[in-house]
Structure formats: structure tokens, C-alpha cells
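Here's a solo chain for you in C-alpha cells, the form predicted on its own.
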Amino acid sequence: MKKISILLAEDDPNLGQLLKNYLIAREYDTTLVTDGAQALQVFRKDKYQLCLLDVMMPELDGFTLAKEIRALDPHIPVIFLTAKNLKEDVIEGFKSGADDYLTKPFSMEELLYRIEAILRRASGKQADPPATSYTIGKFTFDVTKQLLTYNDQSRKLTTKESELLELLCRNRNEVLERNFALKSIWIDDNYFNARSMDVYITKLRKYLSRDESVEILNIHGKGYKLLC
């Protein structure tokens, strides 16, 4: 089986080599470059399945590099590695085409989980256009109208409730990573937004409790799983 190729652009040589060695040990074919211009040159020559890009790099910053890479391959997953965690930087990162955003320092285990989660989403099913409605056990969820219906009784969901339930449905019976949900809906994964999401999860559990076959599980250290 051919290994997945990762382009790693990191201008800190010590961190870059550490990340490269870790990813190679986890069976990822990893190419390390130390500036944005070199990364773009290498990307044009070879085929990669994922890019890990430092934001602050010489020659070409990570945001600009991501835009250039996405112009060549609109579908390749991109994860930013950065010391920045301001809301404006996070928004700029996602506008540049990021699939995820890791703030330094981070654990190797968290990086690996993010990579695996993004590669699963990029494997095929996520390329399908989002559904406009879902069947959740005995419930019907109309995404467009934000209506959750059970036995002809409908509940109008708030925008946040609807967005969170849609993400759970899109990843049903799989783990919805907590930080991915936070950044997708709240943009910033800070403590207060995390607590807010917990409240919305509790509300959704209450709404869905009428059908005992439907459950939203807490997956410790990772996120949530909708079982139905």
C-alpha cells in the first residue's frame, strides 16, 4: 500500500525535523522544507495528499502559500501550524483555505489525530454536496428550514443548534472532532466557546431523547459521536 505523502513547511529547523521524524515513524512519507517559496516549488514537482504549513515563514508566508497551493489543487487538505491564536488570524487562515489550525505548542498526538481526521473527511464522502435533510432515527432534520420533526411535531432550531446538528449528521456514527466543530461554527476554540458548545450538545440530547435509539456520545479527549 502506497504511503500518504505530506508536505511539511516549517522554518524552525529543530521543530521541522522533529515533526518529520515523528510523521515518518507513523508511516507518512514526509518532505520537509524551510520556507514558503521552496514549499511552492516542491509542491509543483511532486504529488502530495496533505500540507502542513507554518504561518510565519521567509520568502512566502503560510497564508499566501496556501492560496497558491489551492490554485494548483483546490481539494488538497491544509493544516496551519502557528504561534498565532488571535481570532483575526484564525479567520484569515480559513479564508486562505485551511482545513484545520494548530496553535503552538501542540502535542504530537493531537497533530496525528487532526491529520487522520482530515484525511478521513477527504477520502470521498466529504466531497459529496451537503444534504438538505437527514433522517435521525424517528426524527427528520430539515437543514434549510432548521426544523427537527418527530411524529409531525416540529421544533425550530436556532442557527447554532442547526449547524451543530448538521455536523453531527454529516459525521454520524463517527467521531466529530471537538476543535473542528468549534472552529467550523464558532471560529475560535477558546474556553468560553467550548462551554457554549457543551450547552448546545446538552440541548440537542434533550430534543433527541424522545427516540431511545438516538444518542450523542462524549468521546473523551476527542469529541462527539451521533449514534442512530
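In this text, residue numbers run from 1 along the sequence as written. Just so it is clear, the structure is predicted and the values come from calculations on it, not from any experiment.
Keep in mind that the form predicted in complex with the DNA is missing from the display, and what follows is about it.
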Students should find that, of T31, S196, Q41, T34, the residue having a non-hydrogen atom no more than 4.5 angstroms from the DNA in the model of the complex is S196
Contact with the DNA in the model of the complex, heavy atom within 4.5 Å, among Y200, F180, Y48, F63 goes to Y200
Next item on the list: Using the partner position in the model of the complex, report whether Q17 sits within 4.5 Å of the DNA, counting heavy atoms only.
Entry: no
Quick check on T144: any heavy atom within 4.5 Å of the DNA in the model of the complex? no
message: K225 versus the DNA, in the model of the complex: is there a non-hydrogen atom within 4.5 Å?
response: no
(request) Classify N21 as contacting or not contacting the DNA in the model of the complex by the rule of any non-hydrogen atom within 4.5 angstroms, answering yes or no. (result) no
For the DNA in the model of the complex, the stretch among 22 to 30, 49 to 57, 156 to 164, 64 to 72 with residues bearing a heavy atom within 4.5 Å is 156 to 164
In sequence order, the residues of 43 to 70 that place a heavy atom within 4.5 Å of the DNA in the model of the complex are none
Taking the shown form as reference, the Cα pair R114 and K160 shifts by 3 Å or more in the model of the complex and sits closer
Assert for Y113-L182 (C-alpha, 3 Å or more) in the model of the complex vs reference form: pair closer
